[in-house]
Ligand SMILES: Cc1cc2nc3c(=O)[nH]c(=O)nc-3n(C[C@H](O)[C@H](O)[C@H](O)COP(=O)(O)O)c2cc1C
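The form predicted on its own is given below as one chain in structure tokens.
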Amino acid sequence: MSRLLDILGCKYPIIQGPIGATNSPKLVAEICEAGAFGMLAMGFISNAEEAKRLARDVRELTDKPFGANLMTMNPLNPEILEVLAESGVKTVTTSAGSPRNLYPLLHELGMKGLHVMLAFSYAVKAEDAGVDGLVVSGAESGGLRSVNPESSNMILVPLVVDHVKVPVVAAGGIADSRGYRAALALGAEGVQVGTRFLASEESSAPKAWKEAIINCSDGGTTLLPLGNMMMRVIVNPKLKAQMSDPETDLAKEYNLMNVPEAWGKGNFDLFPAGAGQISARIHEIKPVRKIIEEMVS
């Protein structure tokens, strides 16, 4: 755990799972003030000035360490990394591709990076590429997923821990102290939490999104096909009807380009609400500080 905390610089080994549709500096700052590691989502940022504004807004609200997630395929990553370094960011996470080309620049700027991976083979390759740590995202996680068969954290976390030397963070299925302790028992040095923070008082997610999470039952999420990737979403009446119709091609019914509008307004017929399987265990909206304090109690 101390290795991860040395990288993050915060009190608790809890990383916010970044969600681009709720890129809220206020939420990031509140998480940092409560002792965890808040994260901005820079994966789809197409303007370095926007990255600078977001980082500045967080820094105006907290003097605690915070980070950001970058998708390796974004051509603006060099500019974004420079902006983040100038803003005092010391640690980022990277995802959606090989980290090999990005980490030399990242390290040149004096930063550390944790790479997000969904399968064991990619964990080994990422360590060989020079990452400083790994975020192991099990099949129960929300967000974008691969189209390949995937393992849950009960399998994936110890499998990765047994074969790498860098710190490992568990992501997926974690919302309280039981999930937190379970991740540490599996060998992780910390956790990444997305859906639980999404359903917090400080989250900028619309009321409809938070309600969809707290009303989600066991088996209430599914993997929505999006061509060469999948996304875990909460099943709503429209999606349920489409799933039961063998003539419906879900990959043609939903477009990722509609996510900002759908999630920003709570219009889940346009695109279903994103969330992890842990939604079934989230039953109330709480302040970020209470979520974190309970998790580490």
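Start at 1 with the first residue shown and count on from there. Everything quoted here is computed from the prediction, not taken from an experiment.
FYI, the form predicted in complex with the ligand isn't displayed, but the following is about it.
This chain is drawn without the ligand; in the predicted bound form, the residue among L224, V164, M71, L106 with a heavy atom within 4.5 Å of it is M71. For the options V92, A199, V116, A183, the residue carrying a heavy atom within 4.5 angstroms of the ligand in the predicted bound form is V116. Considering the ligand in the predicted bound form, the lone stretch of 191-199, 154-162, 216-224, 83-91 in range is 191-199 [heavy atom distance within 4.5 Å]. Contact with the ligand in the predicted bound form holds for all three of G17, W263 and I278, each having a heavy atom within 4.5 Å. Taking the partner from elsewhere, G143 is found to have a heavy atom lying within 4.5 Å of the ligand in the predicted bound form.
Within 4.5 Å of some heavy atom of the ligand in the predicted bound form lies at least one heavy atom of W209. The ligand in the predicted bound form comes within 4.5 Å of no heavy atom belonging to V168.
For G173, a non-hydrogen atom is located within 4.5 Å of the ligand in the predicted bound form, even though that partner is not displayed.
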